[in-house]
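To begin, one chain is listed below as structure tokens, in the form predicted on its own.
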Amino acid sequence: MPIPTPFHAKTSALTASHEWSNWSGFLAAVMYEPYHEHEYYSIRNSAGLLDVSPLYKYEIKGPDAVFHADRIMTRDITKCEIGQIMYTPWCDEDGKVIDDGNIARLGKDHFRITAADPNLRWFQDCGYGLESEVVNVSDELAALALQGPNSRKILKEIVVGADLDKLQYFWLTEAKIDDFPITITRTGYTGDLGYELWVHPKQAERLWDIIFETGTNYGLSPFGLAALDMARIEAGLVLIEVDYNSSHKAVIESQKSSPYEIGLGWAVKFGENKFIGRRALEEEKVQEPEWTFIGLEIDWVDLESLFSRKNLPPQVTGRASRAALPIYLQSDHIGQATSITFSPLLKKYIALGSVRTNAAKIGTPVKLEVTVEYTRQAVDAVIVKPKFFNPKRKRSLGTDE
């Protein structure tokens, strides 16, 4: 049975929908209101607050911590400065992705990793024989994601000891709020301006109250997983067990993916690091991956016509879908759309997915399978870059405003 997070007393009081999900064994609100549109618009137009405490959190410490982390991650961790954060996948010996997440350098020999799945045993095995240790600190940190164009304005009113105007994208700072310590990271999963706040669980409820006391003046709303799913699809962000399978959970080899196949080839660095899976990924880079991660824009006029033949309006608005749909090039099945949503902001029906690399050229017209009144149909779509929303404010400094 899922257990409450440190913020549950606050989130449960606001969850009018009474709809919850099991996120890594914790109760997570799917929606606060009966419909999620207001929560979605708060992310994009003002500010939204999400409880991300269920994330797994691990720390690597010791004289060999840099070598240990560098052996796990496909990024060059030796180049990660103190206070910097890197987003990265990590792979098995065959170069297939186990998980993806952020690694933050807290000190010279001290790193913190956030992950979607439990990775303690793998991280420990990777450090066998090294002077370093991996500690599971998941229960020692509560976390909130404050996302949206007003997020910096809200924090500037309540944070002491940090210059948020100068905090760069994917960097962190230590600060205080109401005299208790807090770590602020310029990160998030919405593709917008945003921060994640890391605090001791005993301070969780107070942190929530302080943010809301100030945030109300900036249009702040709590948001749940339904709104988050829409935002991350717009931003082109992959989701484990949806857009790819962990190699540790895949049933057959064809269910596994390399970083190149899920759009994370940019995060594979062949420097002096000898990360696990490097040899396989070096070979794949030369040979070209079998699959390519793509975006899709579905032709709304064509979709509307398919439904109108049954005297129905297009039944696609609402929550994002994680049900995979086949993609065809002429009569050939070339891949699948794995995350699909109607974007209220962009006024487009969009998707993320994977197709065979020889059919992945941007601008290629394809067909996406849809169901209309219990019958399978094919709607026109076009392959695009898998990043539909990428505002300048996501990376901007306060001095740019």
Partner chain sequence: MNKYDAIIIGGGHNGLVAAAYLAKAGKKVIVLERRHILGGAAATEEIYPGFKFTVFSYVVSLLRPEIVRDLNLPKHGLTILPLESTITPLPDGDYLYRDIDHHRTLRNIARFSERDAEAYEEYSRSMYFMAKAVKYILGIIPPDPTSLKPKDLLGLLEMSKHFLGIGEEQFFTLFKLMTMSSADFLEEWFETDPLIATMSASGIIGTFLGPRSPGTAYVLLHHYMGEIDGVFRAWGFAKGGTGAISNSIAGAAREFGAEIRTNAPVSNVIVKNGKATGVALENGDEFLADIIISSLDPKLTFLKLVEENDLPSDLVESIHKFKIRGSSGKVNLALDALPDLSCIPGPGPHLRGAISISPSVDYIERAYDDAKYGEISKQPYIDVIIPSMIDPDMAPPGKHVMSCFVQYAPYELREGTWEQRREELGDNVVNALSEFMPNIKDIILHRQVLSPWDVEQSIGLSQGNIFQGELSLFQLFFLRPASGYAKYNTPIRGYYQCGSGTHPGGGITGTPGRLAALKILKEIN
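Positions refer to the first chain, counted from 1. Keep in mind that this is a model prediction, so the values were computed, not measured.
Keep in mind that the form predicted together with its partner chain is not shown, yet the notes after this line are about it.
task = Could you tell me which one of 150, 273, 246, 187 places a heavy atom within 4.5 Å of its partner chain in the predicted complex?
result = Spelling it out, the residue with a heavy atom inside the cut-off is 150.
query = Though its partner chain is not shown, can you say which of 212, 328, 300, 122 has a heavy atom within 4.5 Å of it in the predicted complex?
reply = Of the listed residues, the single hit is 300.
query = With the partner removed from view, which of 328 to 336, 360 to 368, 58 to 66, 342 to 350 is the stretch that lies within 4.5 Å of its partner chain in the predicted complex, judged by heavy atom distances?
reply = Every other range fails; the passing one is 342 to 350.
ask   = Looking in the predicted complex, is its partner chain within 4.5 Å of a heavy atom from each of 38, 41 and 311?
value = Contact check passed for all of 38, 41 and 311.
message = Contact with its partner chain in the predicted complex for residue 305, defined as at least one heavy atom pair within 4.5 Å: yes or no?
response = Heavy-atom contact with its partner chain at 4.5 Å: absent for residue 305.
ask   = At the 4.5 Å heavy atom threshold, is residue 291 in contact with its partner chain in the predicted complex?
value = Answer no; every heavy atom of residue 291 is more than 4.5 Å from its partner chain in the predicted complex.
ask   = Is the gap between residue 83 and its partner chain in the predicted complex 4.5 Å or less for some heavy atom pair?
value = Answer no; every heavy atom of residue 83 is more than 4.5 Å from its partner chain in the predicted complex.
ask   = Could you tell me if residue 218 has a non-hydrogen atom within 4.5 Å of its partner chain in the predicted complex?
value = Residue-level check for residue 218: yes, a contact with its partner chain.
ask   = Quick one: which residues from 12 to 33 get a non-hydrogen atom within 4.5 Å of its partner chain in the predicted complex?
value = Contacts from 12 to 33: just 33.
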